[in-house]
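The chain below stands alone, shown as structure tokens; this is the form predicted alone.
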């Protein structure tokens, strides 16, 4: 008995020592804006765009190719169907959209990390979709599952990120028909932040729902939204059967979808801002209306991925004034529909995490905050027009997301913030370094980067004159070294492992 008591005391001491030595990190709550949105369009301009979007839907129509079930739903709802072309009478799409919720909660496996999407909130999620990765040591290369796992860990450890995301890079060393299983498994086990499901096949969307049933419980998934996934419209005005099939699966199962045109101005939409906004609205109206035909009340987000094109090279351009105009305008249109809004991100066209990347990314991130975005995909890690997920840029961007949190707080005007006592104490010609107000407030007074160098030149030089990319490489290494996997019920983990293994064994590998 005494031995058991000694072992218990020793175990408690070991636990306390482990707790003292454990790496501590914090995840900030999603942003709740206390600043106004920037509204660029007048009431007259908004009405013109809405009227023209109705004309597009009624007179030109949208295509739903290879999808007889969707065509039947549209016909039953009162649309005119000619082949794969659907023409929607004026006002019908907007009326159907009214059953979509204005906001919803996405539940994470750690309830403290739940996010509310809509209203005045902003949820930040990492880069999505690149087939390549880059780091300072290995350069540009095809992404692997090992790279994917590292990004999930970095997202989990990043204070200002609220979401684990989805395809943070495309792991090309895993068969196409099975990689979605490994990616979801990584999000579910390496992080406890909310995540996205697969959309590359309707069957893979169903696998995502089924895996969530293992993680959360099947009935819980039907009663709660545990995924927010990306459904791209094939602009201009085409709703392909793969994406619409995935949307159908998610809507039927009460899971959220970002319904987002994929706009490169001058290629997939007109070169004018007003023309592009009109097409964006028409496409979003049709896509969200279809989700509500599948299931009234299905949670959706008004999406707008917009960029312009370099007319000499044909390459997309980012951080431009035109993209800002479109994003601001789309935010107004989304709010008029009383729907959550997705847009913006750490967009840039640069090949390296350099000055071009920083300028374009800064423009895009600030634009997203001021335009009223509620869900920002690609908030960190985006490089080379979305072809590359960069480890260094991931941590550079993730660090700078802290500025969005602090900007969104607005200006405090309570008695402490007015600081009259400090001004009285210091008086003319003094300084505030030692005054009581400074001593009471300095720890939380200013946002401070965890990455950028503010040291004197001499110190910076003595430490190797390191540039930002070098500092970011070191931060990547430290964050991965500090990473500690969040706890999971062993039975749940075993069930997830078994589900993935069974699904993989059920069909041969395919890399096509």
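Numbering follows the first chain given and starts at 1. Quick caveat: nothing in here was measured; it's all calculated off a predicted structure.
The same protein also exists as the form predicted in complex with a further copy of the same chain; that form is not shown, yet it is the one meant from here on.
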item: Which of 177-185, 222-230, 427-435, 149-157 lines the interface with a further copy of the same chain in the model of the complex (heavy atom within 4.5 Å); value: 427-435
item: Proximity to a further copy of the same chain in the model of the complex, single hit among 268, 242, 73, 145 (heavy atom within 4.5 Å); value: 268
item: The single option of 368, 287, 194, 353 touching a further copy of the same chain in the model of the complex, heavy atom within 4.5 Å; value: 353
item: Site check 56, 134 and 272: each within 4.5 Å of a further copy of the same chain in the model of the complex by heavy atom; value: yes
item: is_contact(residue 309, a further copy of the same chain) in the model of the complex, heavy atom dist at most 4.5 Å; value: yes
item: Residue 85 within 4.5 Å of a further copy of the same chain in the model of the complex, heavy atoms; value: yes
item: a further copy of the same chain contact at residue 445 in the model of the complex, heavy atom, 4.5 Å; value: yes
item: Touches a further copy of the same chain in the model of the complex: residue 474 (any heavy atom, 4.5 Å); value: no
item: Neighbours of a further copy of the same chain in the model of the complex among 50-87 [non-hydrogen atom within 4.5 angstroms]; value: 52, 55, 56, 59, 60, 61, 62, 63, 85
